[in-house]
Structure formats: C-alpha cells, structure tokens
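Only one chain is shown below, in structure tokens, and it's the form predicted alone.
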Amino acid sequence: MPNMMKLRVFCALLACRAARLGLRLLGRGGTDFPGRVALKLCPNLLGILAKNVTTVIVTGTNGKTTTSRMIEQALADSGISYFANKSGANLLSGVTAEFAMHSTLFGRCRYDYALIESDEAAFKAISRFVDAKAIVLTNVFRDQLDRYGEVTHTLDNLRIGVENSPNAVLCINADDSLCASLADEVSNEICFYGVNVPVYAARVQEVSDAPYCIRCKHEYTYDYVTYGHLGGYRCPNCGYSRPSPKVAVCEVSRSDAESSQLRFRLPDGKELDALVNLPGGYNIYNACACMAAGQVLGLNPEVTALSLSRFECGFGRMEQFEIAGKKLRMILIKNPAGCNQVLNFLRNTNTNVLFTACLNDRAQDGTDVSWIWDVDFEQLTEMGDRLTAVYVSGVRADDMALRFKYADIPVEKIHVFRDNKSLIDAILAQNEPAYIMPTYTAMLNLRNYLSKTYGFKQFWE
C-alpha cells in the first residue's frame, strides 16, 4: 500500500474511533455516523480492512439479526476468532465502522472471521468491497414500500450483491421461490436449506407476496405452506419448483411459547436433533439457515446444533425483559409477513396475553404505514378472553388503534399511551405476560427507556 494511502487509512480509522468515543460519551450508539466520517476520508476503507478476513454476510428481508446471532454463537462455540456487527449497523457506513473498530490503526483486522448482517438494499454496495466466503439469503418479502419498492426490486438488489461475490457459497432458502430463482442466474456454489414440513398447526390467512411463477407468471401450486409464500411450491405450467434442500428441517416435534424442538437432515443423510431457544415458525427457518452456514464454513454440526439452544437474542427480536417478576417480550415488526407470524405464534399459545403495538413512521420504520391493513389482526379476536387488553403507543398510535377497532377488538380493551413511562407502568400493573410489537425506531426508544430506568444493556452492547 502506498504511503499516502497508509496515511489516509490511518486518519480515517483515527477519526472513526474519535467519533465513536464522542458519541458513546454522549450516551448515543454511534453505530453509523463514525463510518460516514471514515468513508469521507477514505472511500475504499472497507475494502482495505476486509481484505484477508473470512467474511460471512447474512441478508434478506426478515430474520437477518436472529440468524446472525445464531451463527455468531456457533462461531464462538467452535473457538473461532471473529467479530460481528451485532449493534444492527447494517448499512455501508455502519459495516465500515465495525471493521474499523476491530482493526488496528494501520488497517489490519484483529480477527480471522467477520460476521456481517447486511441490509438488503445496502448489500449491493457492501459486496463491492467485501469478498465474502459465504452469503446467507433468508427470504424476500414486501417491506417498507417507500424505501425498497416491490419484492422484485429487493430481489434485484440481492442479485447485484451476489454477482459482486463470485467466490461466495450461497446459502439460499429453498422454500422462497424468489430467493431460489437466483440460483439459475449465478455460477456460485449453492447450499439450499428449507423446511420439509408445516411449522404451524393452524396457519394465518395472509396475502402472498409471490403467488405467481417468477418464470412464466402462472399461479403456483403448493404441496404445503409454512407461512407467507414459503413452502413446497411448484409451477404446473413451466415446471419451476422448490429445489431439494441440502440442509432441511425434517421434523418439528414441539413448538411452544418458549422454544422449538427440531430434527435436521444434513447433506450426508445424517439426522440431528436440536433445541431452538426461541418460539415461532420464522425462527425455525433462522435455525435452518444457521445450520446451512455451519455446513459451508466446515463447523461441527453437533456444535452448531447445540449453539441454537445457547445463543443470545438480538435486541428487540423476541428479546425478553424481566422487571419485578413481570416478563415482557419485545418482538420487532416491520412488514405484514413478519407481523402475521408473531400473531400466529400468540394465537397458538395457551396463556392470557397483554398485547402492545408501538407504531412509528420514521425513515427507518418506513414512512408508509398502510401495511398494517394487510396484517390479519382479526386473528386476535379469535383469542377471546385470553386477550386481556391491547395497548397502543408510538407516533402513529391513533392509526394503530383504528386498525384494531376495525379488527373488531372491543373498544374497552384498546388503550392508547402517549409516552413510554405511562405505557410501561400500565404493563407492569397487569398480571398477564406482555408481548410488545414495536417498529424499529419505537423499539429503540422503548429499549432506551428500559435501559435507563431498569438497568438493561443498551442496544449497542
């Protein structure tokens, strides 16, 4: 590296660290801004820092953070030297900042592996600088129409990112007809993963984001559906169908409010039992993606399976807080598909539920909140007396309350709160388990309040 470039890298790294330190002293996360500062001084900084680092990228619409935390635990349990952007800084600037904070001031990364969660829209930019060894593609769902557009636009972003990564092995969700279609367009080695059995006793009725064949536009036929447009799809017109997964969930023996018991089938035909310490069918997919990544990275399958019972939840992703003996579970929502799965999970529990929704419309949430009308909130009414109350908060609390009214939830059960303190105080005054579904910035605000008031970790910790 020429001396002038070395000086530029040194200055960029120094500025990045100074910006991060300043923000942390002010009690702020500092996950994105320091990277923007560094990139101003050295636009190619990420490419320099990521060189010679074995990098795993996890991207897609839903499940990125939880899948990343699962893979992270597998790496830790395998004794691998790694770092991860666990703070959620998944844009180009945020990823650059994480590499900078884990490198020396002379540009040498202090770890052998990097585990990077990448925003699906930012993936095409990040992949220009990072030569990934493995890329995990979770799924493609309709999400934040004001930012991502329709699902085909998101799929195009993923395609560009993959084309920028010719050396990566792709772990692709076989059950997603959109993601699976990428395999025909690239020359990368593919490790398909999927779920061979239904994951719910009763499914929610929802609008499919991909009902028609991506090749010929004929309507798909499904042998089974797990959720959304995922499942055993096939086109009766052109023959396009779900590929056979190398890593598959072949049995779901138990799934309750705390965890799921699964059996995996591996590429060599061996079957392996695993406990996933989170509930929900979508977390079964996340666990399967982790097992596929473990195969690609050459990790011991038994170690990877065991890690699924040990990993720490990502912030706001089925994260549980206990305050004075009261349990609160926070579950980030951002689109109809993910929200419907949370509701389906709640409907299939056997306990009473205090339900809370916090809706914001900031840029990171998506300014268009019309998606709440595509969510099947009507299934909450099927819970009857088990649904003790519905609490609503956030910038668009009134819109959320109106949606619940149209879902035929009794008006006397709907309560609107204008600030975090009154909301949490009201939740703690009740006896039932509380499930809080916030959008992204609402989640950050609420977590910040819980951290400062009750001493929980900040999200960047």
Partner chain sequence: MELRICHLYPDVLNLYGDRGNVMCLQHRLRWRGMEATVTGVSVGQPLKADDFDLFFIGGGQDFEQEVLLEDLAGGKADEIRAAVEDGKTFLAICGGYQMLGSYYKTWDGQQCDFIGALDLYTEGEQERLIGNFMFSCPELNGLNVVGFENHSGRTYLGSGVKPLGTILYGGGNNGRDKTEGARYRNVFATYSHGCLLPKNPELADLILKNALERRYGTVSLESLDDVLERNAHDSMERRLKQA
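All of these numbers come straight from a predicted model, not from anything done at the bench. Positions refer to the first chain, counted from 1.
There is also a form predicted together with the partner chain; it is not shown, and the following applies to it.
In plain terms, the part of the chain that comes close to the partner chain in the predicted bound form, with a heavy atom within 4.5 Å, is 402 to 410 out of 402 to 410, 426 to 434, 41 to 49, 60 to 68. Site annotation in the predicted bound form: the residue of 81, 152, 253, 244 reaching within 4.5 Å of the partner chain with a heavy atom is 152.
213 is the sole member of 380, 328, 125, 213 with a non-hydrogen atom within 4.5 Å of the partner chain in the predicted bound form.
Residues 209, 367 and 373 are all found to lie within 4.5 Å of the partner chain in the predicted bound form, as judged by heavy atom distances. Although the partner is absent from this view, residue 361 contacts the partner chain in the predicted bound form, with a non-hydrogen atom inside 4.5 angstroms.
Using a 4.5 angstroms threshold between heavy atoms, residue 334 stays clear of the partner chain in the predicted bound form. Heavy atoms of residue 142 reach within 4.5 Å of the partner chain in the predicted bound form, making it an interface residue. Looking at residue 419, you'd find every heavy atom of it more than 4.5 angstroms from the partner chain in the predicted bound form.
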